[in-house]
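Starting off, we have a lone chain in the form predicted alone, written out as structure tokens.
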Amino acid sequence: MAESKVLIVGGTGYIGRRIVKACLAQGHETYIVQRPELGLQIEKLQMLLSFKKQGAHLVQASFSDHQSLVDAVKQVDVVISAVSGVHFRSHSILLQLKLVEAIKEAGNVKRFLPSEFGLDPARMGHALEPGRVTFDDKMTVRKAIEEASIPYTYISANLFAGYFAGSLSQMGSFVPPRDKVHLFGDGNLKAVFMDEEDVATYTIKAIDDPRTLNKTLYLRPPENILSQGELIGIWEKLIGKELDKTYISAQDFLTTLKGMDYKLQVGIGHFYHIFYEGCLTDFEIGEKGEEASKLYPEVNYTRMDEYLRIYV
């Protein structure tokens, strides 16, 4: 069976660029939306041109031009959206409703992967304000997909290592501390840390897999299920030094959160559910989900001791 043709929306973004690379590497004919405004963003434009050199097709389309989206979608079998859902950058989740309309009209797409790649929004109905807006918006997109009877796969990638592992999950830095470190609660609740390249690899593996059709693919490889304390322990071993530890109670965390700018509250509020509730690992994957490392044991995913070595 021929590999699916894939359209990637948001192909110059943080996870989108990695999805493009994985799509090309796995032999798919790859199309990337080139929005008109990127002509004035030289780094993104040059990234698109570099993907073109590697064999990708650039497709002119815009969220403000419905027909251009329909025309783009008609060229492919699979659509992957990687638009930003991070409030301190730009929050574009609901723009995908326009993409859903285009896919519905085109009528040819056999799989749509909306932009999620984090916590499973279906499990976050209890989330704190204002951070819950992220999950509510993603569920709005899911509802539109399912009401339009568009075949889908949702990717729950948990924690991007660049944000959460490299920093030892500290707020306000993306590099690991070498003297003092803050732990949330007792630091013992388990989370899941994923190398972004592996997120992209598993995502592309899933697009033609009947086992992931109309399901959520959870990226939960067993050796990357770690507590914050265990992650810090890996770093301490790598640098040969024990860090001075401060433990932040849930009440102190929430008090600090309330004093932050709105955009920071949205993103950092998710820390509460991850590290004080253990929301990434406190459930079993049911019949509507699959676990990526079980489906694709051939993927040699990056363990966090290997990931953190680059920071030493």
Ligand SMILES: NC(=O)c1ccc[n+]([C@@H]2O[C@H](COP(=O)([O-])OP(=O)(O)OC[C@H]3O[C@@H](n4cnc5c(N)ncnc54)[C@H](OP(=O)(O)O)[C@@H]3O)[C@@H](O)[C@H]2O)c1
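Counting begins at 1, following the sequence as shown. Note that this is a predicted model, so its numbers are computed, not measured.
Missing here is the form predicted in complex with this ligand; even so, the following discussion is about that form.
With this ligand left out here, work out from 97-105, 159-167, 225-233, 182-190 which stretch has heavy atoms within 4.5 Å of it in the predicted complex. That would be stretch 159-167.
Using a 4.5 Å heavy atom cut-off, are 220, 289 and 304 all in contact with this ligand in the predicted complex? Checked in the predicted complex: no contact with this ligand for any of the three.
Residue 44: heavy atom within 4.5 Å of this ligand in the predicted complex? Yes, residue 44 lies within 4.5 Å of this ligand in the predicted complex.
Although this ligand is absent from this view, report whether residue 82 comes within 4.5 Å of it in the predicted complex, heavy atoms only. Contact with this ligand, yes.
Verify the contact flag for residue 92: yes if a non-hydrogen atom of it lies within 4.5 Å of a non-hydrogen atom of this ligand in the predicted complex, no if not. Yes, contact at 4.5 Å.
Check whether residue 35 has any heavy atom within 4.5 Å of a heavy atom of this ligand in the predicted complex, and answer yes or no. Yes, contact at 4.5 Å.
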